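Quick setup: one chain, the form predicted on its own, written in structure tokens, and binding and motion questions come after.
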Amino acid sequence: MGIVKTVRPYHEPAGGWRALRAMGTALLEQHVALAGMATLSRMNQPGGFDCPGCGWADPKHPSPFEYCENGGKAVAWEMTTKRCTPDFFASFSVSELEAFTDFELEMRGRLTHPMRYEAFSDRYVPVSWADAFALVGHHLNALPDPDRAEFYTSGRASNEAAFLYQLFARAFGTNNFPDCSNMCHEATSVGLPQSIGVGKGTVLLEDFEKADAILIFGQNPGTNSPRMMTELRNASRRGATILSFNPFRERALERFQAPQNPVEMATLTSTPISSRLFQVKVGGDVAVLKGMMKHLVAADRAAQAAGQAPVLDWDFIRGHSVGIEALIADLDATSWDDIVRRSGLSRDDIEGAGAAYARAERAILVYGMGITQHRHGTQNVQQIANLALLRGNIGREGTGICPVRGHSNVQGDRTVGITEIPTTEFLDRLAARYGFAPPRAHGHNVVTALEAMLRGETKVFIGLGGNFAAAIPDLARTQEAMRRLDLTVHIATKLNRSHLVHGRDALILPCLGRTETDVQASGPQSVTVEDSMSMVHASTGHNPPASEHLMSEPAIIAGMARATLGAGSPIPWERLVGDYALIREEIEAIFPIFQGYNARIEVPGGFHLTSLARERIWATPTGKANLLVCEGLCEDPAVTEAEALWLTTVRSHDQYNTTLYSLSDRYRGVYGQRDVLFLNRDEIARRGLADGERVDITTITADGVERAVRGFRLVACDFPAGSCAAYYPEANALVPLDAHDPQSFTPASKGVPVRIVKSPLQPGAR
């Protein structure tokens, strides 16, 4: 029986019995129901393993069920009894595998052996670890310039693996570190240091217990960080104001049924989450933020004229910031008519949001990739920082900025050196510690790495986790460029699309998963991760490995390093891999912020990496927080078509990054399909189309390159005028490589101008 493709409304709350049922179904499908429940009891617990999914923080006193639906699915996918063996690869050529869907590739199960691409048979064949490492060393050492290699990192990698990886690449001679952060929160890493001196959030989990208001911008926590729902539910039930700004009316932002709460589950009740939910036009976030700040300034003037307490925190502004005069002048010069037009919200709505924020003594400002993945992502982030600073909402309990990052250690990777723009101090420490001269020139990020591939300059790509070829923009051009590489290497647990977008030589190197026991020379090992609130804690797997042929990520990195750098390398790779505590000592030696690393991770819950901004210490050139002006409302004057729509890419509920757990998205009522375009009914009717019809979607661009996806089904939904949405990564083909934030190089996946026409492909519309 084929997959049934339907669209039907979903009326239940997020979470609840449906979440438990979906998690149970995932465990059953992977044949790990009993073992999976036993493993889940150790997830996010002291002495257990860190969730391989999102980077949300753990409470100081975790419940016995400190996991969510998507975390349960991630464990099921890793624990699956299904195996992707050499026999499978012998049965299908790579050309034949290209016809598999991404979901079908994932469902083949865990990789069991290192594999090498064999060109004459167009198949992956088994290869020994020694020969695989030798092949990597051969290709790297044959390069005329180390900068012809790219070292990509996924946020799944541990601190220990990431540190060894950057050490390997820099000893080899390059700072080329395209990283998954480049595609999601690089605007945070660039924008916040300019504003407040740190590139991370300033909150701890306990701040949510003390906040009077929580503002959520461009974030869908019910799907992308479901454990955050516990804090939002608790805040709502104690009377905190929650304001959500998002194009979709996401179900989790409306109401939530806590699976861990027996009363809600037994009574089938739920908790309202958002006090108000504002459906902002795609790309209209700066307009909303400026409108709220404009209201605060006007309210402050009125209050002071009436002899009342000020609305702005002038003591904080004068003592801790610079730039208030320029910011107020810009807000005064910005008209309400323009703000309303660009945001898609009424003036009353925006002023109401500003008033609610002003009433809160303590507020947290949360944001996700709906803010960062724009041509103006850095400016979006900085305007959120401005909004926080105007009310002194940084550096007090119950306040702060909270960027919600994705993968479990994407933030930690950056902390331990995965960056293409290393500081001089960091490089000096490496040189002094290891006796080699690390490269000083800035390296490639994702966008510049892809540009180098298109120019034919890059020859080798090594991927530490992830699904790079599916996650990147401009798929037709960039994937073709990857196929022209001399060598592609992917360190992975399961088969994915990137393994089929291979170079002339290619390796798939299978590694241990987060749930599995990692035994090295000194015995069982633990790794460490940093969550999105800068808490660092240990993660220890207890399950037997999926195959005796698997190696850990640190061991694979060390094997490649030894084969490339030779016996003369000053770095004791074998000794470090034999005992990960020694790697942590090396991290501590390079990064003093990790002082006492090994002792501190023995404490349940780990330790916090101090945030200077949280202490109201501003590591900026001015020595203070900077209120930064954003000129205009971030409109694109080049897009003049009357019928243009602004497309945002989104993830389904049954998805984590590029990993698909099914082809459905129950909270949005879409089942068995992903080739859909969400659009409101008025926009559909205005174009002479009908709900359920198929359309072709084409990017509006002036570079002469056609970027299109065809035969997408229209799904009528409550969505802002002039805006539409489609799933990631299916819509990545529509995102031009040059459509990125000029400061952070974050691809503008949440703001692509497109046109749609009725498609000649109309089968199965209903």
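Numbers follow the displayed sequence, beginning with 1. Fair warning: this is a prediction, and the values are worked out from it, not measured in the lab.
Same protein, other form: the form predicted in complex with a small molecule, not shown, and the subject of what follows.
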For the small molecule in the predicted complex, the stretch among 487-495, 89-97, 188-196, 355-363 with residues bearing a heavy atom within 4.5 Å is 487-495
Using the partner position in the predicted complex, report whether N220 sits within 4.5 Å of the small molecule, counting heavy atoms only.
-> yes
At the 4.5 Å heavy atom threshold, is G406 in contact with the small molecule in the predicted complex?
-> yes
Any non-hydrogen atom of T649 within 4.5 angstroms of the small molecule in the predicted complex | yes
4.5 angstroms heavy atom contact with the small molecule in the predicted complex for L714 = no
For the three residues N246, N467 and S749, verify that every one has a non-hydrogen atom within 4.5 Å of the small molecule in the predicted complex; reply yes or no.
-> yes
Heavy atom within 4.5 Å of the small molecule in the predicted complex: which of N224, T378, N393, S532 fits that? Just give me the one.
-> N224
Answer option from P259, G368, G503, G323, heavy atom within 4.5 Å of the small molecule in the predicted complex | G368
